[in-house]
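The data below hold one chain only, encoded as structure tokens and taken in the form predicted alone.
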């Protein structure tokens, strides 16, 4: 693997991870403040996260195992903020009902 390939993989990996963090942050913020525009804005970062994953998957730098793992994790993470929001709100609703 060349140094340029390592650089590209690191940059796309950084894009994928940081965009995923901003996606979760803006999604939760939008839901917390009940501002659908912020939730919609969070989907921009979800798209950037998927773009980062594609940047690692499409070139022939990685073995198929890693490509499948990155694709699977990127796909699953698209639903993590919604799932975590549901878990947290459901947990607190039950807690306040007691």
Partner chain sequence: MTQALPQGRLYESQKLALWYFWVALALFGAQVLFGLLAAWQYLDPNFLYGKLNFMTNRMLHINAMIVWLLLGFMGGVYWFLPLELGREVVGIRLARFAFFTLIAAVGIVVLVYLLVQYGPGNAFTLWLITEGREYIEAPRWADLGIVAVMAIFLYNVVATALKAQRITGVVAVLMFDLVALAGLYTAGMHYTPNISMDQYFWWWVVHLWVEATWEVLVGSIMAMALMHLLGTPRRIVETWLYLEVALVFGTGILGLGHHYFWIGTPEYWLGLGGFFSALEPIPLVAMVVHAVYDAGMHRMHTVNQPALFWAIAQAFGNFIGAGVWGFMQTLPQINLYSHGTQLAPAHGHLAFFGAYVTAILTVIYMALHQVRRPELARFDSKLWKWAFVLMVVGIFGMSAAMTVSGFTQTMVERAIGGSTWQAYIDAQQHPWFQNGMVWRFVFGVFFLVSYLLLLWDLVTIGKGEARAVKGVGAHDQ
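Only a predicted model underlies this, so the values are computations on that prediction, with no experimental measurement involved. Numbering follows the first chain given and starts at 1.
What follows is about the form predicted in complex with its partner chain, which we do not show.
Visitor: Just checking whether residue 66 would be counted as a contact of its partner chain in the model of the complex - the rule being heavy atoms within 4.5 angstroms.
Guide: Yes - in the model of the complex, heavy atoms of residue 66 and its partner chain come within 4.5 Å of each other.
Visitor: Should residue 73 be counted as a contact of its partner chain in the model of the complex, where contact means heavy atoms within 4.5 Å?
Guide: It does: once its partner chain is placed as it appears in the model of the complex, residue 73 has a heavy atom within 4.5 Å of it.
Visitor: I'd like to check something about residue 56: if you look in the model of the complex, is any of its heavy atoms closer than or equal to 4.5 Å to a heavy atom of its partner chain?
Guide: Taking the distances in the model of the complex, the answer for residue 56 is yes, it comes within 4.5 Å of its partner chain.
Visitor: Hey, in the model of the complex, does residue 28 get a heavy atom within 4.5 angstroms of its partner chain?
Guide: Close contact exists here: in the model of the complex, residue 28 approaches its partner chain to within 4.5 Å, heavy atoms only.
Visitor: Using a 4.5 Å cut-off on heavy atoms, which residues of 30-55 contact its partner chain in the model of the complex?
Guide: If the 4.5 Å heavy-atom criterion is applied to its partner chain in the model of the complex, 30-55 yields only 32.
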